[in-house]
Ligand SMILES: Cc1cc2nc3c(=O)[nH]c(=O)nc-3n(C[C@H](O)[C@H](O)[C@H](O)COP(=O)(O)OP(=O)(O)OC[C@H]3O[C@@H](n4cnc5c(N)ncnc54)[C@H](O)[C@@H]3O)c2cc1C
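In the form predicted alone, a lone chain appears below as structure tokens.
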């Protein structure tokens, strides 16, 4: 097993191991290992447990909440845990933790061309271990839900070094309690109110849920995910995508029309003002002059006849809002759809690039963003409050996200320490407003190190203590 020791040696030879997309500074560790199989992974976890050394799990490091950034102790990288194999069930594949979303789709194209893996987080180089650990989602979760819906089995090494396999349907909680041959008697935290539908803040808690769902989204607190059996879906006849350039009022009206339509929407996204002007200044892209908002949608189509109906319906909805087809970019084949997807992802990628440069000049600067969500029916009201808070900071910012799920990302770009502090306060105010409306402080990226303090806005001290209690109980198994 490849390993490295020494804080300065690791920092010099493996600097990428000490950071992720959050640009959080201060990462360091004393030891690191790159196991290539389950046995080596278990061995390293057991060593850390016996020596009482804190262990950070490092996947593809695409996270933006600082979860993969070690602050001392040891690091286990899943980079070398590779392998994808079929199972006895045609639409389920077994995937090692270090495989990426890209590699899974490549496997499907080669081995199972009629199937695909639906979860669609923005960063396709994300590792499967990381996406399961954070219950990652993305644009397509409007139709398909989060990663949780597509995991049938997990192999996990607990913090003690014990290996368990958890298969969906084998063990279920009954009114918050479950007896497991290895884990013993588990008692879920008692929450004052149900968690939001789309939520990645804290442990997943539903009184009668499946045991596997406790581990999905637990951000590594309950163990290292070694492999996952993933469920594949049948590909639609085709997918067609659109980017509609519009005014703010047109966006909200068109969004409502699409939600209420019979169209099989895969995603319903937004880029809000002043994001297009931001992209114009920081990239070489040009955009239609009509409006400073963009509505993205992708629609699954089952036949050529349904495609015709889809196009006719969309054209009618655009005409009702006074939007010309000249202000709409359409994607009807794989290449066009890829270009539209790249355009949608260009905004967060540009923000990350700028933040990375600012961080190199001032190591206190890091990614400042929201991952909050509210009931979709309350999104327009929530956006109004978010906009007011952002404008009061005086800090450059952009807003985009998953409008169909009431889920917006506000990204702030602080240029100095004073702006950083104002940005952090704004994120807290925005998160508090989401909780006030019954939403979450983190809907898809987890809390990591950067957003962990926001948990106190969403849960009581007693609820957080009960989550910590369950983590400790499982860690000692």
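Positions refer to the first chain, counted from 1. The shown structure was predicted, so the numbers you read here are calculated from the model rather than taken from an experiment.
Omitted here: the form predicted in complex with the ligand. The next part is about that form.
Peer 1: Could you tell me which one of 406, 119, 202, 129 places a heavy atom within 4.5 Å of the ligand in the predicted complex?
Peer 2: None of the other options qualify; the answer is 129.
Peer 1: State the residue from 327, 238, 292, 352 whose non-hydrogen atoms include one within 4.5 Å of the ligand in the predicted complex.
Peer 2: Partner contact (heavy atom, 4.5 Å) among the options: 352.
Peer 1: Just one of 129-137, 241-249, 273-281, 379-387 has heavy atoms within 4.5 Å of the ligand in the predicted complex; which?
Peer 2: That would be 129-137.
Peer 1: Counting only non-hydrogen atoms and a 4.5 angstroms cut-off, does residue 196 reach the ligand in the predicted complex?
Peer 2: Although the ligand is absent here, residue 196 would stay clear of it in the predicted complex, with no heavy atoms inside 4.5 Å.
Peer 1: Although the ligand is absent from this view, report whether residue 78 comes within 4.5 Å of it in the predicted complex, heavy atoms only.
Peer 2: Because a heavy atom of residue 78 falls inside 4.5 Å of the ligand in the predicted complex, the answer is yes.
Peer 1: Taking the ligand as it sits in the predicted complex, is residue 225 near enough to touch it, meaning that at least one heavy atom pair lies within 4.5 angstroms?
Peer 2: Residue 225 belongs to the contact set for the ligand.
Peer 1: Considering only heavy atoms, tell me if residue 64 and the ligand come within 4.5 Å of each other in the predicted complex.
Peer 2: Because a heavy atom of residue 64 falls inside 4.5 Å of the ligand in the predicted complex, the answer is yes.
Peer 1: For the three residues 97, 220 and 345, verify that every one has a non-hydrogen atom within 4.5 Å of the ligand in the predicted complex; reply yes or no.
Peer 2: Yes.
Peer 1: So which bits of 392-424 sit within 4.5 Å of the ligand in the predicted complex, heavy atoms only?
Peer 2: Just 402.
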